[in-house]
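The C-alpha cells that follow cover one protein chain in two forms, given apart as structure 1 and structure 2.
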Structure 1
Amino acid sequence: MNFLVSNDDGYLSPGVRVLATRLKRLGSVTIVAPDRDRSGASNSLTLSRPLRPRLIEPGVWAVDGTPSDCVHLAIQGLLPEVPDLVVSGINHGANLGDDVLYSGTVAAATEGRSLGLPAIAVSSTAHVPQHLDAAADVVADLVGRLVNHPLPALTLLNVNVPDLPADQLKSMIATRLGRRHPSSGIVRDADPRGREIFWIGAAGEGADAGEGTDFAAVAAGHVSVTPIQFDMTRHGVMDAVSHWLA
C-alpha cells in the first residue's frame, strides 16, 4: 500500500515523522509537506506564483506552499504513482468543531479526498504532544479498517486523539463536530520599531460541546472520529430561501 503523508506543521514536525515511521510497517510512505509551519492555511492553493518542491531526503519532499498545494502536487504528477491513501498529521493541537474550517491539517486530507482518494486527518489534543506513538497506532488501526471496509464516497475522517499513553486511551467513537465560542479579541502590540502589529486571538472554548460531539469525546479520553463531507449546502432551508428570493 502506498501512503501519501502531509500536514500543516511542516516536514520537520515530530508528528509527521512519527506517523510516517508507523505507516512504513504497512507499506510505502512518501511525505510531501510544507517547508514551514502553515497552520491555519485552510484549503488555500497558491495560484499567483510557481511552487518549488525540494527533495530533502528519499521519500521526503518540502514544498514552499500550503498543505493543499502539497497534496495536489503529489497526486497530480510530483510522485511517480498515485498513492492509495492520504493521511494528514499528526497535528500538534486538536482540530475540533469549526476548527476544520481553518485547519491546514484537515485541508490536506480534503484535497486528497477531492481528488478521489480516501483520506484521514489526525490531530493530537496537545500542542506539545508526549504520546505521538499512541496516536500513530490509532491511525494504523483506522487504515486497516478502511482497507477492509471502505467508507462511502466523498467521506473523510477527522480524528482527534487525546495525548495519553496507548493503554490509557479509551475506545474510538463516532462523533459530530461541535462548535466553539468566538475567538478571543485581537492582541495589539508594537514591533521593535514602534509600528503597530496585531495577533489573532486564541480559539474560543467549546460552545456546543455536549454528548455526541468531538469535544465531549476527547474530554472523556476517547478517540474522536468524525466523518466529514464536502457538501456544505444547507439543504433543509432550500425551500425557505426560494420563497425569500421570490
Structure 2
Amino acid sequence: MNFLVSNDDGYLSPGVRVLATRLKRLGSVTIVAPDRDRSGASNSLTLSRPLRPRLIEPGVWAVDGTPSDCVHLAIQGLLPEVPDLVVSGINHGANLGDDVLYSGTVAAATEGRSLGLPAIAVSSTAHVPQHLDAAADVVADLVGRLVNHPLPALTLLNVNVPDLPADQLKSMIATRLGRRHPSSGIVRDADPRGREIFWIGAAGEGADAGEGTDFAAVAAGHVSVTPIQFDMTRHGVMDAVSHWLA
C-alpha cells in the first residue's frame, strides 16, 4: 500500500514524522507537506502563482503552498504513482466541531478524497503532544478498517486522539461534530509604531459538546472518529426553497 502523508504544520513537524515512520510498517510512504506552518489554511488552493516542491530527502517533499496544494500536486502528477490512501496529520492540537471548516489538516484529507482516494485526518488534542506514537498506532489500526469498509464518495474520517499513553486511551467511537461558541471578540491593540491592529480572537469553548459529539468523546479519553462529508448541498430544505422561490 502506498501512503501519501501530509499535514498543515509543515514537513518538519514531529507529528507528520512519527506518522510516516509508523505507516512504513504497512507500506511505502511519501510525505508531501507545506514548507512551513500553514495552520488555518482551510481548503485554499494556490492558483495565482506556481509552486516549487523541493525533495528534501528521499520520500519527503516540501511545498511552498497550502495543505490542499500539497495533496493536489502529489496526486495530479508530482509523484510517479497515484497513492492508495491519504493521511493528514498528526496535527498538533485538536480539530473538533467547527474547527474542521478552517483546518488545513482536514483540508489536505478532503483534497485527497475529492480526487477519489480514501482519506483520514488525524489530530492530537495537545499543542505539544507527548504521545504521538500512541496516536500513530491508532491511525495504523484505522487504516486497516477503512480499507475493508470503504466510505461513500465525498466522505472521510476526522480523527482526534487524546494525548495519552496507549494504555490509557479508551476505545475508538463514532461521533458527530459538536459546535464551538463563537470565538471571543476581536482584540484591538497597537503596534510599536502606535498604529491600530486587530487580532482574531481565540476559538470558543464547546457549545454543543454533549453526548455523541467529538468534544465529549475526547473529554472522556476516547478516540473520536467522525465521518465527515463535503457534499455541501442541504438537501433537506430543497423543497422549501423551491416553494418560496416560485
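Here the rigid core means the biggest group of C-alpha atoms that line up within 1.5 Å when the two forms are laid on top of each other. All of these numbers come straight from a predicted model, not from anything done at the bench. Residue positions are counted from 1 along structure 1's sequence.
Taken from the form predicted together with a further copy of the same chain, structure 2 is distinct in origin from structure 1. Taking the core as reference, the Cα of W199 moves 2.5 angstrom between the two structures.
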